[in-house]
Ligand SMILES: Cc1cc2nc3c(=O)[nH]c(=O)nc-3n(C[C@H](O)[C@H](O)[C@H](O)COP(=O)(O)O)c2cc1C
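Single chain ahead, by itself, as structure tokens, in the form predicted alone.
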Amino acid sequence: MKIELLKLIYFSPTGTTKQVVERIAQGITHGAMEIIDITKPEGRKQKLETSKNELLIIGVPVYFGRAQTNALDWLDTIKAHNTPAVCVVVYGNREYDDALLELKDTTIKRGCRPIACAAYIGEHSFSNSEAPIAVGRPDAADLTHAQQFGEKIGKKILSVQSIDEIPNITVPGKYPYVDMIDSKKRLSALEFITVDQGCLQCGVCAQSCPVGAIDSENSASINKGECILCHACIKACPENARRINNDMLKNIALRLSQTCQARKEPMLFL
């Protein structure tokens, strides 16, 4: 099967999903490469139509056991034509629940043909110095694993004449998908970020926000209805002037740091 162009598509507020997708692509040596970063609102304004001679590598993070909503909304606009796709989710060492199944289903609905799927681990968005959760993931071993996964995909592509020779990929998950609505509403209604006097109003936090929820002229002003709790603004602040101030979120982070200590490894579905 001939691949003329790799298209890397990712939603990656803190950079973990981006790292995994790029290393998978390094292992695939077929065709030129194009990056489609849909993390920021402006990246999601472009539409995508693709053909069977292209390969999509699609990576999204897992929030509340589901594939990230903003990314899925954009992916649901793709116009594909029997286009091979690699579906990748990145989660914070808890569980990825139904996220990979949901991503796979979405790509199929838009005309893609998943030829490989994977779940990788990235540092949890709630991770901090007091409650470390999968710190430093993906690490060197994860990224080597991702590149080797790409090499396996490349060999799989070369082994067939047509995508029709590749059987359906089965991934974990169930229907209906896990309900994340109540948890998301409960947490997104919280005042959870404190901005201290160290803030210089540099605007880095607003620039890093994937949903435009931070006022670029007043970094303490956050649209709670838009916030997705990715904590990209906290991790991006050059002055460390932003921190979690809500006891509920602190307790969730602490509990996760205690219950998710055992290292989980990537899972591949080829």
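This is a predicted model, so every value here is computed, not measured. Sequential numbering from 1, following the sequence displayed.
Keep in mind the form predicted together with this ligand is missing from the figure; the text below concerns it.
Just one of 22 to 30, 240 to 248, 62 to 70, 47 to 55 has heavy atoms within 4.5 Å of this ligand in the predicted bound form; which?
Going by heavy atoms within 4.5 Å, the stretch is 62 to 70.
Is residue 36 part of the interface with this ligand in the predicted bound form - any heavy atom within 4.5 Å?
Flag for residue 36 set to no.
Is residue 83 one of the residues lying within 4.5 Å of this ligand in the predicted bound form, judged by heavy atom distances?
No, no contact at 4.5 Å.
Quick check on residue 122: any heavy atom within 4.5 Å of this ligand in the predicted bound form?
Yes, residue 122 lies within 4.5 Å of this ligand in the predicted bound form.
Heavy atom to heavy atom, is residue 103 within 4.5 Å of this ligand in the predicted bound form?
Residue 103: no, not in contact with this ligand in the predicted bound form.
For the stretch 11 to 35, return the residues whose heavy atoms include at least one within 4.5 Å of this ligand in the predicted bound form, in the order they occur.
Residues within 4.5 Å: 11, 12, 13, 14, 15, 16, 17.
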